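Consider the single chain below, provided in structure tokens and representing the form predicted alone.
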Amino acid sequence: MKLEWKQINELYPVNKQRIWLNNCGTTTIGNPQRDLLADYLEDYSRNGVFTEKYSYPIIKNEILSILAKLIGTETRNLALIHNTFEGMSFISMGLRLTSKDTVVLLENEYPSNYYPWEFWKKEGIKIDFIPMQDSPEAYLNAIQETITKLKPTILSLSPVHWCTGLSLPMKEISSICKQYNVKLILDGAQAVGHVPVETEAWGVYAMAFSAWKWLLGPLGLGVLYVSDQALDELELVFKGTQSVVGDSEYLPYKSEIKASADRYEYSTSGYVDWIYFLGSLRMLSGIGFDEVRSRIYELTRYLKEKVNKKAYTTTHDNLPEMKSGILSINPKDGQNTSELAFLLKSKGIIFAERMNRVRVSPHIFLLEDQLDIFAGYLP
């Protein structure tokens, strides 16, 4: 039976008031997540931490099982953390770089994938940048040229550029990294749930991503992926109560660190966020992540055609095969982007201004008629 997207649309109350087109920034909550939270809080009000239905191991295992399948890994390689920056900092600090090391990033990368590496500049670490490009092929060529020339220790990047929406050819990039023995580290915030991610097949060393973008989760919850190699090599930045073997027994203090990635869940987590996140993951996995991605791309292509008809250009115009849910709309000649943004905001459109463009990113709870309304507001 063909999935009725209108049913998903009706599950999101925000659609009665706004057109939410900033899902690569933050998303909003739907009825499935809200109802699960309400049920959990009712159960918690009666049983506290002794609730059986929402016991810690059951909830954690279900979340990690869905995520592991989604990104091609095992649950032992995943930890639930707070945000991308925290995860990238665990990775960067754990590497203990020296002045012999070079880190390569994309130009204009999101701060969560810059500041953790900037820390090392005081130790003489060199940071180099891949200049921004206008196509995946151009990025691939630039990355090949840079790695061949610099032979860096680390390439840390996002598979999807957060400003332009360009998706990078990760399979080819990962092959280059393997050829030159470069550690491939990913900021997966704009990728996971949005484009296919294959951590083990690509040889990803480590990756961090947030829950509140394409995975429709809560603010303040993130995920850390650590490969088996990284688990063996990374030093633990923070050793906390839950980092050690036998963590349920507080005394005597323990010295043996857990062999799995949950060593990074160093203390008590925001458990209500876990319930929220599980509600989102159940909905998305129930639909099917392939189906979700296809719908996101379909909506983005539809939106691109609509804005093109209004004589606007976008970052996808010369890339007909681009699979991305992030579309950046260029202002017309002489048009003031801030004035355009003010107009759209006054109409209840939720989006972001990035690099003098209007950046939009639809998700599955939107319908084509809402995109028609958005396009109709464009002068």
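Quick note: we count residues from 1 along the sequence shown, nothing fancier. All values reported here derive from a predicted model rather than from experimental measurement.
What comes next is about the form predicted together with a small molecule, which does not appear here.
- Residue 360 falls outside the set of residues with a heavy atom inside 4.5 Å of the small molecule in the predicted bound form.
- Although the partner is absent from this view, residue 189 contacts the small molecule in the predicted bound form, with a non-hydrogen atom inside 4.5 angstroms.
- When contacts are judged by a 4.5 Å heavy atom cut-off, residue 308 does not count as touching the small molecule in the predicted bound form.
- Using a 4.5 angstroms limit between non-hydrogen atoms, residue 77 is distant from the small molecule in the predicted bound form.
- Contact with the small molecule in the predicted bound form, defined as a heavy atom within 4.5 Å, is made by none of 164, 297 and 328.
- Shown alone, this chain has one stretch from 279-287, 67-75, 229-237, 212-220 that lies within 4.5 Å of the small molecule in the predicted bound form by heavy atoms: 212-220.
- This chain is drawn without the small molecule; in the predicted bound form, the residue among 202, 85, 264, 117 with a heavy atom within 4.5 Å of it is 85.
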